[in-house]
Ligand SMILES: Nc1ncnc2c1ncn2[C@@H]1O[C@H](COP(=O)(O)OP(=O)(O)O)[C@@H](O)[C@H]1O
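One chain comes next, on its own, written as structure tokens: the form predicted on its own.
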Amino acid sequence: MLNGVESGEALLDIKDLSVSFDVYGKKSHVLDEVSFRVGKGERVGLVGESGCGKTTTLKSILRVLPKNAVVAGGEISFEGRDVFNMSETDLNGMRRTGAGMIFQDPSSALNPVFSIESQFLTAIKYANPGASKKELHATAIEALNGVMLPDPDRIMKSYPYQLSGGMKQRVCIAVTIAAGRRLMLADEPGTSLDVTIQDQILRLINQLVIDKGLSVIMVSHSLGVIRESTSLVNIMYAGTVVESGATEDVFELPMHPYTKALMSCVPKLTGGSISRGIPGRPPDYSRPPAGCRFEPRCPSSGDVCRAKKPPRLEASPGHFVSCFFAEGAA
């Protein structure tokens, strides 16, 4: 069992995924043996500092990495099929009805010179090539109603600039559910929106999980969003998953020094001193540490942390931590 999901129940299974980039003649080792699973109808979080590899992980799932990216190792299975060995036909089929991505900026996800109707019908026709225009239009209207957008006929005739940020994000979500996709990759879907609209979008995604059995990977650097929107969480640092488990368990009893440091940075409602943040900076991916990548910033590291990568240990049932000195790990 990993992340509380039995192997037979996994919709998505990522094992030891390593991805590097060729940048100006240097090899940047971004992802280092990332592993986690997503079960059907589960909400799984990826949280960490900017640049820790969250978006790269999502792009690896859809195989839309840039040309300078190299998959150095590992595998990704979607419904039991190896994504990296899929034919173009199978891969396009997975993208049409299997997994879809919601970006943090809905304005950049919609083409400003085409109407919502034109873009919406094109997207869902890609998933349902045999459907008539009337059927596609009915599906689009139903999906827009499903994301609680008022007057969907007016929305369809509008252009992106005529809609607010929250409305555009709902349109993007509606496209995903209209295509019948089973996995939503949400890359910080509320970051560009104000907090009230962000809360509405997160509640909408949670409701889709309940109503349609949708699986979600929620990417964020906000611990509050992850705590409220996921049932399982993976804490990422510098391209590695350092701690994972049930969201409630990880937040109530963080075990990795990085997770503890992240928690200490969250402002307290009771006030008090302002956090100084985590001393130091993430490693240079072209020359990452030979051992634990967090070792240069860790207050409790030892010689073994510099020499060897920490093993993945089960601290409690379903709660995993990669640290030589984590309390409770055995």
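From a predicted model like this one, the values you see are computed outputs, not experimental measurements. We number the residues from 1 along the sequence you see.
Keep in mind that the form predicted in complex with the named molecule is not shown, yet the notes after this line are about it.
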> Using a 4.5 Å cut on heavy atoms, which of P288, G41, G51, P296 is close to the named molecule in the model of the complex?
Replying inline: G51
>> I'd like to check something about T55: if you look in the model of the complex, is any of its heavy atoms closer than or equal to 4.5 Å to a heavy atom of the named molecule?
In response: yes
>> Given that the named molecule is not shown alongside this chain, does I61 nevertheless sit within 4.5 Å of it in the model of the complex, heavy atom to heavy atom?
In response: no
> Does the named molecule get within 4.5 angstroms of any non-hydrogen atom of I278 in the model of the complex?
Replying inline: no
> Can L262 be called a contact residue for the named molecule in the model of the complex at 4.5 Å between heavy atoms?
Replying inline: no
> Going through 20-40 from first to last, which residues have a non-hydrogen atom within 4.5 Å of the named molecule in the model of the complex?
Replying inline: F21, V23, V30
